[in-house]
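Only one chain is included here, represented as structure tokens and corresponding to the form predicted alone.
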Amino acid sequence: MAKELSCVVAGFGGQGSLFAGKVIATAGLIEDREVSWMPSYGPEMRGGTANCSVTLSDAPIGSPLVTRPNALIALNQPSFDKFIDAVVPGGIVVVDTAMVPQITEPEGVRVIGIPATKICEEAGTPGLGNIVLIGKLWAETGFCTEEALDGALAKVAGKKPEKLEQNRQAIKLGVNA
């Protein structure tokens, strides 16, 4: 069983941070783990900031709000700047360097930058940088089984077969980045 994941996924509204959080939370549900998913977004949604707290645990979860994450997915510079110092030592940050040009690395925190937006555009799956970053986080932490991750994609993105296939491709792009 994977270790506890206390993750913040953050970006501009429209970048899919809440969707990405839903994929991670759904993977936890598939594994029958304790799960919380709590969205937070500004009134303007698209273009404003949006983030969510996601926790996957084998024990009851005290609070759905993640204030000291052990993982951060940052989709833009304001989100990176807002949450980077909250990540606990030993934590991991996966960041889209196409959208976050200035990266700092706090002591004891592993920061992995990949140009997710650029990678998925070049692969013909634009708009899936959020899913590319989930793939990278999964490859680095194994926060769930591969079957649970694929099942979560099928449940959350699987309404249209072509969308599901694009999301699966985006996960692979992140894993291999």
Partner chain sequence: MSEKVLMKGNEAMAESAMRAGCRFFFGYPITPQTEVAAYMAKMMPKVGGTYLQAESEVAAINMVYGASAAGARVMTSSSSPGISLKSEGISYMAGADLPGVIINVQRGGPGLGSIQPSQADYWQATKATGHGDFHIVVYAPSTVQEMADYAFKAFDTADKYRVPVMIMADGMLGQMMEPVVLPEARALEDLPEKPWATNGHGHKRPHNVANSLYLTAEDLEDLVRERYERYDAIIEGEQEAESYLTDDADIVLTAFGGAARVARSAVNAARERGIKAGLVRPITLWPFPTDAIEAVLPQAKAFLDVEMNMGQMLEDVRLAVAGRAPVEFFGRTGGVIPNPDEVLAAIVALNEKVGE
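Quick caveat: nothing in here was measured; it's all calculated off a predicted structure. Numbering follows the first chain given and starts at 1.
Another form, the form predicted in complex with the partner chain, is not on view; read the next lines as being about it.
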item: P39: touches the partner chain in the predicted bound form, heavy atom cutoff 4.5 angstroms; value: yes
item: Partner contact for V109 in the predicted bound form: the partner chain, 4.5 angstroms, heavy atom; value: no
item: Contact label in the predicted bound form: E146 to the partner chain, heavy atom within 4.5 Å; value: no
item: The partner chain contact in the predicted bound form: K155, any heavy atom under 4.5 Å; value: yes
item: One stretch from 24-32, 135-143, 109-117, 122-130 that, in the predicted bound form, holds residues within 4.5 Å of the partner chain by heavy atom; value: 24-32
